[in-house]
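So this first bit is one chain, no partners, the form predicted on its own, shown in structure tokens.
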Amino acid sequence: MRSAEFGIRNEAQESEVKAHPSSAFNSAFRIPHSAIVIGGGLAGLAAAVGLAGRGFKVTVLESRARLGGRAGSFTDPTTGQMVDACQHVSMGCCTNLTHFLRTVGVDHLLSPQPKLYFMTPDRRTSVFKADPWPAPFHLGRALTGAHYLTPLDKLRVAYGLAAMLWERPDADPPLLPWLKAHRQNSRTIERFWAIVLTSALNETVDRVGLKYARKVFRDGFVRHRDGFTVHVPTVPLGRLYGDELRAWLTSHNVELRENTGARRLASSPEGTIASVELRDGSTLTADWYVLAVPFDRVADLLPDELAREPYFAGAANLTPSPITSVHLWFDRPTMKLPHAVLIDCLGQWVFDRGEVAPGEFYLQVVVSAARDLKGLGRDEIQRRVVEELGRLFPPIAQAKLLRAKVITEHAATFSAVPGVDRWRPVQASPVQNLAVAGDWTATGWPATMESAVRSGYLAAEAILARAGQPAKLVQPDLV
């Protein structure tokens, strides 16, 4: 709520608010707050939406020329087309991402995929879809119909899922020994558990803990009929986080400052954040601050005395996991499916994005947890992927490859190793007027767009509570 609606603040009142940012009211009227959000990715944008919806004057600082962070696009210099650095999808269980997209008016730019197509190197395909039965029985026939598992394998998987769901939610031993101790063999591990978890967690089953593996299966496949439904953007991510989002933010008193990198936060003698120094040497001040940057940038932006605090220092223990995406443009249609989940293949997913320009048909292949590709040149990665796709989809062997691009995001996500939550801080920092956001903070979710949005909402909740305006922003799970 803006001050102009009630009158003009005098100098004494201005000084009082600056000195005590948690004081939200004076004796006569409510004083509006200002907030600076450092980072224009999903976490920062969600924090801005949460605060702006409660009357805050928000400034978002983004070092790049676009919004969305890692969920972003680049402009292909050859054609001028907007291309996603990596394919991002949502799922039905991602209630906060759905709420965020609906709030800013872009949820119509995603298309649900009620069927998933699983393909083996022999070109056989199984369709994974829900039956009209209540959860958790809605996917029973999909599992029993999987051609790439034997009947005994399916019994092993069913037993493993039941055992996993009976585990304590906070139990987090190494997953691979747990799977082996619960009657999983190499085939079920490679053709079921790894197929789902490597894509969902961007990590291999030998490196992850049980906790987030359980989270994926419980929320995505067991708890609710719609949890597993994949939602694919119908436009590039740069368009998804483009004009409509900007218009909503602008109409809600949010200033977007792109190409504006932050150099360092400065602390006050009282131990609060006093200002943010920009890379051009200028400074900005606000009542409240949200640090919404990747975990490997946190220490660089904090004053030295804060960077050493245990709350902030834990981020240094998080390790990154890479994703490689291979972008291919052919001269003709090459797939009859909208996507395929690939089994026993180098790629894990291939998405058919259709005809993006006259005579240009675009495919994107995603390789999650792509450490095994380290040391291979882009040309070799491209060659292997195109050769593999040619075996899976015969039209590719006859098509002309117009151009290709291989992109690796080396720090795409944090690695969900056993016990990783001990290094993930809550969003309300020990500094009175500073909150922290990012998919790497404590959200109860692995590193996903859902986790990023949850973190932004939680950061906004922390600030609102300290400002005397408590509100519940985080949306409930599907039930």
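Note that residue numbering follows the sequence shown and begins at 1. From a predicted model like this one, the values you see are computed outputs, not experimental measurements.
Same protein, other form: the form predicted in complex with a small molecule, not shown, and the subject of what follows.
- Contact check at 4.5 Å (heavy atoms) against the small molecule in the predicted bound form: none of 201, 347 and 370 pass.
- Proximity to the small molecule in the predicted bound form, taken as a non-hydrogen atom within 4.5 angstroms, holds for one residue of 239, 279, 332, 129, which is 279.
- This chain is displayed alone, yet in the predicted bound form one of 391, 225, 297, 182 has a heavy atom within 4.5 Å of the small molecule; that residue is 297.
- Of the candidate stretches 428-436, 415-423, 446-454, 47-55, only 446-454 contains residues with a heavy atom within 4.5 Å of the small molecule in the predicted bound form.
- When the small molecule is considered in the predicted bound form, residue 409 lines it closely, a heavy atom lying within 4.5 Å.
- In the predicted bound form, the small molecule stays beyond 4.5 Å of every heavy atom belonging to residue 35.
- Of the heavy atoms in residue 292, some are within 4.5 Å of the small molecule in the predicted bound form.
- Within this chain, residue 261 lines the site of the small molecule in the predicted bound form, having a heavy atom no more than 4.5 Å away.
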